Every structure is written in structure tokens, then in C-alpha cells.
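We begin with a single chain expressed as C-alpha cells, specifically the form predicted alone.
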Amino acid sequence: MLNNSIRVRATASVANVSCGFDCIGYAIAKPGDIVTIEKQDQPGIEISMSGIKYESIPVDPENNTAGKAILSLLDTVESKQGFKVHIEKGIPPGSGIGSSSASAAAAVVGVNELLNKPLENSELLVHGMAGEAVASGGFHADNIAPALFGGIILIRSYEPLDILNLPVPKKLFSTAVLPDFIVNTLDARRMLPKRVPLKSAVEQAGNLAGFTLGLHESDFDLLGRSMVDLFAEPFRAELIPGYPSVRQSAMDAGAIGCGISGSGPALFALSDSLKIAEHIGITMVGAFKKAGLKSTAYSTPIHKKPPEILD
């Protein structure tokens, strides 16, 4: 007998990772969103919200990342099943750590389970991307893929979609620090240049290759040298008060590298121990405070698991 309801938790994620604009992301163990889904007799999706800063998120399924992801999945499997969906936000919207992707990932995993798994987990990605497009204005997978699959993901190609799992070195840890203000993803994308100089493109390609090789060989020095963004950070840094000093505080505290997570305002840093990751978080919070912003730090291992079915 199939269940009529399910609760699923999906975690936050860090996208771009400095050198991998729109093509690299990794999952972190916390924070996360919890999505509760219940079958209903009539067709359609009803969405309700609670949690951190949920008031700004639309509940119309066509304009909600989880709702749109579910609609995309139902269309593909030709199902008229209706659902009540409650999204408990643990990840603030507009934070830069995959808030919209976490909701979409939990939603498609939960609905797929309630429909007796008509799709493989790998087939859920395109529906999560459809949901993510509501927030970002385009089909991007560097948050939704890590949220769905865990670990560190490389999107080698979007047409056709080609997703690769990269190795996670044993001693690699993440710090994500969320200042208490919002950067709109659409606005952050609009400020990027339509073209980049050939020299920058070549350098960025080298950084991405170096970062990928560094993961394979657990070469943290190579990772650090490769974590330079020539595409987005030079423009987005001005959106974040205190960015240079916060980044420098992380490097001084022992970070392998530090940059903007996704479109910001969150910053992330990588390090080689949990103790250092926690110390980096404390120093970054202090640097944000000097810039006039409250912030919250999350220091965790790279999260390797897909969304968790709670019950």
C-alpha cells in the first residue's frame, strides 16, 4: 500500500565555487528545507509556507520553485494527481546557498516517491531545473544537482545535459556565511557582462581544470590556486558590504580559498579540517559585523547524500 504523505529534507548548496560559474556546485549538511507533501483527491497543487523569511515566497505553483518542479514532473509522467505541499524554510530566500533548489529537490523526490517512483533519481534533475528557473530566470543545475545528488557536481554540458560526480577529498570542509540581507538572483544575473575577454575565458578554463584535478588528487594547494573567478565575482562583490575584508579574514584564518556562493550575498570558504572551518566561520562573522551586518556561519563537511526522507 502506497503512503499518502511524505516529509523530505534537502540541504543547502554552494554554486560556482569561484572558478566554475554555472557548472560546479556542492552540497552542505546544513541548513536545509523540509517539504511535507500530501495527496489530495482533486487535481492541482496547493502550497503553504513557514520558516525563515517565507513571507516573500509566492505560493502560486507556477511561481514557486517547488510547485513548478512538481508540475513539470506530473506533466512528464502524465499524472493528474493533486497534492498539498507545505514548505518549511530553513534556508533564507535570496541567500546564495540554494534556497530555491532545496525546496525543488525535496519536492520532486517526495512526489516521485508518492507516485511509486515512475522516474529514476537522475531523471528528476530536469524537473528540479524547471523549478529553479522560476527563481533564476534560466535553466541552471549548479545548485539543484548537488541538492538532488549530494557531493560535488560538475555540469559538463547543458545541451545535452551531462552531470558528473567529482571526488570529495576526505579532509575537505566547507564554511558558508550568510549575512542578513537578500540579493535577488535575477538582479545578480542581469549585472553580469554578456561577453568576456578571450584572455579571461582562457584563464578561467585553466582554473576550472586545475580545481577539478585538485579534487581528484586531494591537492589543496592546487585547489586554492584555482579558486579565482574572472566572470562573476568582480561584478557581484560590490553588492556585498565588506566583501574584501570578509574574504581576507577567511584567508587569514586558514582557508584554502574563499568566494561568493552563487549570486550571493553568502560567502563560502573551503578548508582542510572542521576545526579550521569553524574558526573561519567565527572570523567571517566578525568581519561582517565590522561592516555593519549580522551573519550566520555554517561549518560542515561536504554533504554526500541525496534528500532525506524523514517519514
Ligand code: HSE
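Note that the coordinates shown come from a computational prediction; the quantities given were computed from them, not determined experimentally. From 1 onward, residues are counted along the sequence shown.
The same protein has a further form, the form predicted together with L-homoserine, not shown here; the description that follows concerns it.
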query: Non-hydrogen atom within 4.5 angstroms of L-homoserine in the predicted bound form for each of H140, N143 and R236; finding: yes
query: L-homoserine in the predicted bound form: contacting segment from 261-269, 35-43, 53-61, 279-287, heavy atom within 4.5 Å; finding: 261-269
query: Heavy atom within 4.5 Å of L-homoserine in the predicted bound form - the one residue of T212, Q204, T185, N112 that qualifies; finding: T185
query: is_contact(C19, L-homoserine) in the predicted bound form, heavy atom dist at most 4.5 Å; finding: no
query: Partner contact for K84 in the predicted bound form: L-homoserine, 4.5 angstroms, heavy atom; finding: no
query: R189 within 4.5 Å of L-homoserine in the predicted bound form, heavy atoms; finding: yes
